[in-house]
Each structure stands twice: as C-alpha cells, then as structure tokens.
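The chain below stands alone and is given in structure tokens; this is the form predicted alone.
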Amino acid sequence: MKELELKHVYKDYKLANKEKYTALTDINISFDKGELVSIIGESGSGKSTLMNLIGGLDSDYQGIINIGGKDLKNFKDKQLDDYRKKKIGFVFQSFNLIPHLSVLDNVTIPLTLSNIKESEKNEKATNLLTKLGLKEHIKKKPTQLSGGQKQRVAIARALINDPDIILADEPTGALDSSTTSQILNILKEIADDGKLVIMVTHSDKVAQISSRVVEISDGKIVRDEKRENYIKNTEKHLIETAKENTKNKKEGHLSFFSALKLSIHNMWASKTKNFLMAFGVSISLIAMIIMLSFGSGLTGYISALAEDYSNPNYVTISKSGKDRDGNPIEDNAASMFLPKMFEESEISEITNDLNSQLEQQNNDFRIISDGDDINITYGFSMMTMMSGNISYDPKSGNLDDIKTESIMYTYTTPPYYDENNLITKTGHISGENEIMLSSAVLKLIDVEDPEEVIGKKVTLNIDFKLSDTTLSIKKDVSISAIVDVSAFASMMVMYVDYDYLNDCVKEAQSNASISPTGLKPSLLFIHTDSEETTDFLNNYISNNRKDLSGSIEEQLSSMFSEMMSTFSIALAIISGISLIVALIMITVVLYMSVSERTREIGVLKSIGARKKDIRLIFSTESLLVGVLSGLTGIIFSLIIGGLLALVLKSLIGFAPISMLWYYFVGALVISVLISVLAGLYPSSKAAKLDPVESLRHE
C-alpha cells in the first residue's frame, strides 16, 4: 500500500460573486516512504492548495486522498486533528515560529498538545535540537536567530512527533544560498531515513536534489519524473533521535496546566497591554470594595453606638405614629415635633398582648407593672429644636455674658444608664436640678476637656405642647455629665431624670392653672430576664405591631441600615454597570488579541491543536486576566482603604471603614467570572478560524 495516494482529486473555491474557481483538476498521484518530492509550478498553479489538502488543513474537495486506507475527506474534526498531530509535520517558508516562546518551547508545542511529561518532552526536543546544531540556542527567542537557524527550529518542530510525512512549503525561499544547502541536506537526510518529504518550491536547486519532481500547471499534473541518479544517504541519525521515547509516548490532549503555562507565556509577551487591561477592570473592583467597606464600617459604627446605648436585657417601646396595619395616623408634618405619649389603657393593652405572646411561647417571663417586682418603667423623648434651648455664660458661668443654643432633642435618662456610659470621670447620672448633655456641647462652649463643664450652671427653657396646651419650663440647672455613647453625640441633646421632668411639668401645669396630672410617658422600658426574651419581644413588635417601634436610637439605627441598604443597591447597580463595561472591554481586547495572533492559531492547528485546545488556551488567558484584575483590585483597595482610614482618623477621630475578607474573595470571584465570560466569544472565534486562512494572515 502506498504511503499517500490521491485519486481524481478536484478542488474548487467559491468566489465573492458566487462563481466557482477550480484550483485542482483530476489529480491522480501516489507517494512512497523515503521519497524526496519537489512539487513545482508557477504561482497560482495549485501547489499550495495540494499541500493543504495533503496536510489535512483543508478537507473540502472531491475525489479520494487515501491515507492508510482511509479517505481524508471522511475524517471528522478530531481525526483530522490527530492526523496533523501524528502523521504530518509542516515546515513553512516564513518559519511560523511563535515569537514569544523560546526555541525549546516552540519545538515542544506538538508534545504539549499531546500532554507529554515536561521532562520527557524537553529531553527529546533538546536531543533533536542538538543534532540540528542548535543546542546553544534552545533558550533564545526566534527573533535572536538567523534565518537558517529558524528553519532548523521549524524542522525540529515538524520532526518532534515522529510523523510519517513532512510537508515543506518553500522551505528555502527566505534563505541565502549557503543556508539553503544546509536545509536541503537536512530534508534529504530525513527522506533518506525513511520519511516521505514533499516540498513545494520554485527553486531549481531544490528540485535538483529531489528524488522526484512533480510539475503542476493550471491545477493539473503535467509532469511526474523520478530522478534515476538520486543517491540515498545511508546514515540515519535524525530520525532515530526523533523516534526516541515514541514507543512509550502516552496518547493525550492539552491539559489545563499546559494551557496555563502557554497562557502565561502569551500574556507576558504583551504584559503592558494585559496589565493596563487588568488595572482598568480593577478600578470597578476597587470602587466596589471601598464603598462596601464604607457601608460596613458606618453600619458597624452605628450598631456599636446603639449597643453601647442600649442593654440586651431591656426592651424599649415607643409609638411609631402608625396604626397596627401600618397606616399613618397623623398627616400633619408638624406632628413629628410632638411627643407621642401612651395612655394608661394603651400601656395595659401592650402589656397584656406581650404577656400573651410570652405565654404562647412557654416563656416564664411576664411584664409586671404593679407591686414590688415591677419590671416596666417609663421615659420621655421629644424633639425640642423649635421650642427648647439652654442659656449659658461661656466665660465665667455667672450668666453675665449669656448665649443661647437650641436643644435638638430632650430625652429622659434610660434606666440602664450608669456611670460606665459617661466619658466624664467625675460625672454622675442627673437628678433634681441637673441635666446631662451630649458631647456636642463641648464645641458650643469651646471646651476640649469635658471635666471642665461638670457643675457648670445653665438656664433651661422648654416649651411643651401637650394636647392643646403649651407649657413653659424655665429652670436653672447644672451639668452633671457629658454623654457620648448616643447616636446623637454630635447633636445638642439634653438628658434629664424622668421624675424631675415630671415634677417640672406638674409645676408648669399648676402655674398655668391646669390640674397637675404630670407627664405621660412616650417610652416604655421593659427589664427582661434574658437576652433571648429581649430578642423575642423585639422581633414580635417589629413583625406584628406596626403601631410600635423601639427607642429613637434604634429607629435611627434602623433608618441608617435602610439607608445603607439603599446605598448598597445603588452601589450594586453602579458596580454592575461598570463591570459590564469591564466585560465589554475584556471582550474587545481579547478579540483584538485573536486577530493579532491569527497566524499563531494557524500554526497551532497545523500541528494538531484541536478546537478545544485553542478554546482552552484563550479561555485560560481570560481566566488569568480575571485573576490579575482581582489581585490588582485587592492590592490597590488595601492601599487606598488604609490611606483613607488614616485620613479619616485624623480628621474625625474614627475611621468608619471595615474591609471584610469576603469582600476581597467576592471581588476576585467576580473578576474571574466576568473575565471568563468575556473570553467565551473570542476563544470560540479563535477555535473556529480556518487554518489555511490563518496561516496566510499578515
């Protein structure tokens, strides 16, 4: 059986105007092992077309190309890939070496596609390159070699898989006469060692050393001549070197780790472009991490304040301004400045409802409002920025140089407050004729040390609008402590004892000729037996009592949480848009990379790379872009976050930024995900490129 046989082969091309051009007409020819065949003819005669058909780069033809008893036309894609990998070795006029790979890596690529062990393929390639006189050049890049050296590297690559057929397309076309002779001697030696070597050439010198000359004109074979005086070389050493270890060679395909190594080489060759692309993507990730960290930091800061200001064994209840269905009770905007006070009947209803829920849960705790074991107390809160102020003398404290500042909020001291809640070491919980103020007062009176304001005399002025009556309270009081744990620390807030405020209200009622009924509570404090009971009651109120809410701090904390949630959603939308832009950018850059490396893709296909292999290489590159982008984003986020923390710490005394580890993990995952998605189309495009057209690409 002949090594290669063509029977009645026709090849047509469809032109742009839908006409048909016949490149090969009724080709009938066969070849044997050991032949050194020169196919000659004018440009456009069909030589290269015939070479592409024999090499399995083009399987769209009529007739039969018989390889090992099988028609090449009937091969599936996988069989064609294996055929080019194992049976064919290509040597190109322009060498077609991959410029960013070393000489050794260029030669081992066919073995890499077969998943041969690193040590085995390097040893085999080194031995072959040594035989070809390139031992000292194996670590060089192709750009550092002469034309003859490049062609010898191309020959080594063609031989590395020990193919049966070597196809050389104008192998000496780009070489000088001296180098041409060296390359022709190598090709002759390969043929004399038993390979079928077919050369496409215009050169008479090449034809003269061949054992057979086939001339093509206008797509037809017009001459097929064997040279009777051809003398074979009996020495065999190149083929023996190429065959080393082939009998133990395991069949396989390109592995992920081999593709990863190739991808790293490819990316390093264009490191500036890839780093800029990664940095562009990382900007979106940096913004996402920083803003999430700010959101987390602010939420944590507010939650910490709320925890400091509250007690896990207390439930705080206030009116929400809505009914039990969640509908607003009052539409008047001014109602927000009026205290929402509880009637006794309402307190009784709430107590009974909560006790009923506790009973249903088999919880032994009960709310007790009478007797010695009472565990519910009252409080009062009111916005007073329109009707309350304190007057003071910032210099002497003798009221000679009076200044007035509005009180934004009046709040009775919660029952769980103690000296541990105060920043003033000598301060104490306010009692009769005393008030506590938030730390904002320090700025108002131009004092840095809170100890200086303890005992300072001020005049308190508050107008209470209770029902239809306005009560005026004016008292000379002293400051007993400065409180800074409240969410109101930066606002002018007054804290006063409930009983003392109640007495002030009764006195104001008497002065206004009103029956001194005293102050109705706007806050209920329930002292529970455990944190679990507190959580249960808070959850029940939150989910089932729309008419009730927690303390003002809890409400503010909830409000801030909702704001941060809204902010996070807005951030997610903005980040999503920026990430989509990043995805498009990666897609465009990778698509351009495919265009730039079209010839490289053609070379890979000519040595047996499957579509899967091409996709894997480009997908791995996009994966690496994602990893690089993610790591770049993480590094810059840490740097920027650290600098922001230092700046904020120096400006406002604390840094509301919390960089949680899962933000970084999430950013890395997102970066990899969008990069892999962005690489799907370019990698698919690369895999579908026609090998013949790819090799012609400039």
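Predicted, not measured: the structure shown is a model, and the values here were computed from it. Residue numbers run from 1 along the displayed sequence.
The form predicted in complex with a small molecule is left out here; the points below concern that form.
Enquirer: At 4.5 Å between heavy atoms, is Thr632 in contact with the small molecule in the predicted bound form?
Expert: Thr632: no contact with the small molecule in the predicted bound form.
Enquirer: Quick one: is His8 in contact with the small molecule in the predicted bound form, heavy atoms, 4.5 Å cut-off?
Expert: Judged by the heavy-atom cut-off of 4.5 Å, His8 is well away from the small molecule in the predicted bound form.
Enquirer: Under a 4.5 Å heavy atom criterion, is Glu42 part of the interface with the small molecule in the predicted bound form?
Expert: Contact with the small molecule, yes.
Enquirer: Using the partner position in the predicted bound form, report whether Leu689 sits within 4.5 Å of the small molecule, counting heavy atoms only.
Expert: Output for Leu689 is no: heavy atoms all beyond 4.5 Å of the small molecule.
Enquirer: With the small molecule left out here, work out from 46-54, 665-673, 28-36, 63-71 which stretch has heavy atoms within 4.5 Å of it in the predicted bound form.
Expert: In the other structure, the partner sits against 46-54.
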